[in-house]
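Here we start with a single chain on its own, the form predicted alone, put down as structure tokens.
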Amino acid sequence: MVGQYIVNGIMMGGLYACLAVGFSLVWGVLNVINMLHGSMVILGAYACLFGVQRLGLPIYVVAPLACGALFVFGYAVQRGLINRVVSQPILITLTLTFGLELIVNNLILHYFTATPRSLGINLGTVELLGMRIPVARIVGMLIAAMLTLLLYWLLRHSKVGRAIVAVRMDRHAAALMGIRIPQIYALTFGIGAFMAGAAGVAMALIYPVTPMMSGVFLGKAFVICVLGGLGSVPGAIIGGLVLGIVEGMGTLALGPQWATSVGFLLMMAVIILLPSGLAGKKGYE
């Protein structure tokens, strides 16, 4: 019984890492708390649902298109709106993204209603050491994990990734080195939107999703950022896994209604004891 909950927690942790890594990256690089992130997860899920259920396209075609559309959306939003106020106090950008979140979420509600929807793909289950694991959950976790690791590779080994890291460390020094800061900001926001869309696709593969869940996804991204540290892909992975396991054990001990509360209690403890997060570094908060 305990093993089942731990395995479920680890698998959810992989999804949580994909869910939060884009949010963490945007916050760490742009110093923008992107309140739109939860709705971008929902947009990714509903774009995939629309392509599969309305257009009849296979999921392996729809999923990359949905993530690519989210990248374009995020890039355009940053260059067209957020970039105009990105140097203002953080409350200004928070208010702007909060307003955008309300608009996008209401549009999704208008066109798709609040009825929970899922892809409804039944891939069966596998049994391992007496534990039954849905194959769809395994596939969703693997997709999320591979994209998160791909982002980690991009940041460490590509020219664009190194530019993003340089801007995160010191944007003024990066500008003196010839890095175009507005371009890097837009690319970072687009990557964050891409990862949010990928998390939405993975969630739709496993669970019914509804526009009303945008706040839940945003809250989990906050918790994981605090647990792992801002702008850190390894931090997002560690934070996601920790949150998934803690929620799983909280569900076992206290019931599913307490799972979210246990996660926030853990976040409060980390804020007090380790303000930089489990994998963060001082000076990069």
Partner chain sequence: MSLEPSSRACLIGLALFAAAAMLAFRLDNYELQVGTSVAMLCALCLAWNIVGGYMGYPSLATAAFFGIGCYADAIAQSQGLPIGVAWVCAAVAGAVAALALGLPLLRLKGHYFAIGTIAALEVLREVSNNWEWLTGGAVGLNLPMQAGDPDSVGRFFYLAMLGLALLAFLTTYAIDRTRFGFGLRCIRQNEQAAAMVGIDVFKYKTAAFVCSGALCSFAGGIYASMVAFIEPKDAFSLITTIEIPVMVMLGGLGTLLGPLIGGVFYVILKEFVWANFINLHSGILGLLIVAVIYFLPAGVMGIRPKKLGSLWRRLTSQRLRTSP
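Numbering follows the first chain given and starts at 1. Predicted, not measured: the structure shown is a model, and the values here were computed from it.
Although it is not shown, the form predicted together with the partner chain is what the next lines describe.
Heavy atoms of Ile271 reach within 4.5 Å of the partner chain in the predicted complex, making it an interface residue. None of the heavy atoms of Ser158 is located within 4.5 Å of the partner chain in the predicted complex. None of the heavy atoms of Leu128 is located within 4.5 Å of the partner chain in the predicted complex. Not displayed here, the partner chain is approached by Ile82 to within 4.5 Å at the level of heavy atoms in the predicted complex.
You can rule out all but one of 167-175, 150-158, 137-145, 197-205: in the predicted complex, only 167-175 has residues with a heavy atom within 4.5 Å of the partner chain. Between the partner chain and the residues Met35, Ile59, Ile245, Ile238, the one pair within 4.5 Å by heavy atoms in the predicted complex involves Met35.
This chain is drawn without the partner chain; in the predicted complex, the residue among Ala63, Ile42, Val226, Leu70 with a heavy atom within 4.5 Å of it is Val226. Contact with the partner chain in the predicted complex holds for none of Ile10, Val29 and Leu187, as no heavy atom of theirs lies within 4.5 Å. Residues of 47-66 include none with a non-hydrogen atom no more than 4.5 angstroms from the partner chain in the predicted complex.
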